[in-house]
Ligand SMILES: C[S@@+](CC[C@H](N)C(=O)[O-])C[C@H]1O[C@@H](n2cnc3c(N)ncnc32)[C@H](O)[C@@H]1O
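So this first bit is one chain, no partners, the form predicted on its own, shown in structure tokens.
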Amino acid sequence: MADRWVQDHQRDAWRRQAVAEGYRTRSAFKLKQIHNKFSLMLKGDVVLDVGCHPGGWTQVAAELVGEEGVVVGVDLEPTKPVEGARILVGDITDGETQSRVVESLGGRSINVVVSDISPDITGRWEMDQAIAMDLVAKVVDFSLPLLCPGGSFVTKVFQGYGIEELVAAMKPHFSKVKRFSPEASRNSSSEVYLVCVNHKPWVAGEQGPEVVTAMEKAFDDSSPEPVTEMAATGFRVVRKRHEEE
């Protein structure tokens, strides 16, 4: 009970601070803490915020890149406008939405990709983990070809099957791949952020990331659930609960 009280108190403290500083969710401090640790964004950078609703991360990104930067946020849920950002409604795994994202970039490469998305939950842990990891892999496969040399990629993941395979798949593309738990998210037992720094496209050459393939193989080898069943569930970005952010 004492530990639960401390956790609730800390969670409320982040929420109160978010309200005081004008952020839409407490999760804004997760991105701020990741940025402070890894120096992700510079003035004038181009940032893609995947799963941006309700806009807390988009607010932080817009502040960090300034008026000269570009922030494109995308989510299935409509998001209130954020000053200094372009908000798109759509599924990031859908080709039409991806084309709109590319168009919104105005021909510029992305400096930083940040992703705080979560999939639908089926209630079956193995299936949920497989869906979550495959969703991350789809975001990687789409966004890495658009990421500039030296760029960074940050995504939320959940501890479990596929994490080591994801890390291994990302390492050839970045100088540093680290797991990081921001102070603002320590109440969660399984949430962690994978932070990939200094994109090295010249190492991979013309070969694409193909992280989806790596994730499918990982779950085919380690999970009793067949890959075909995993694919049949589909993928959808869902509204993040404010009390958990």
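Note that the structure is predicted; figures quoted are calculated from it, not measured. Residue positions are given as counts along the sequence shown, with the first one as 1.
The same protein also has a form predicted together with the named molecule, omitted here; what follows describes it.
None of Gln98, Asn111, Ser118, Ser143 but one reaches within 4.5 angstroms of the named molecule in the predicted bound form through a heavy atom, and that residue is Ser118.
Think of it this way: in the predicted bound form, the named molecule has a heavy atom of just one of Pro172, Gly84, Gly160, Gly90 within 4.5 Å, and the residue is Gly90.
Comment: 68-76 is the region of 121-129, 100-108, 68-76, 146-154 lying near the named molecule in the predicted bound form, near meaning a non-hydrogen atom within 4.5 Å. In the predicted bound form, Leu135 approaches the named molecule with a heavy atom inside 4.5 Å.
When contacts are judged by a 4.5 Å heavy atom cut-off, His199 does not count as touching the named molecule in the predicted bound form.
In the predicted bound form, the named molecule sits beyond 4.5 Å of every heavy atom of Pro182. Among residues of the shown chain, Ala61 is not one whose heavy atoms approach the named molecule to within 4.5 Å in the predicted bound form. Taking the named molecule as positioned in the predicted bound form, the residues of 36-65 that bring a heavy atom within 4.5 Å of it are, in sequence order, Gly51, Cys52, His53, Pro54, Gly55, Gly56, Trp57.
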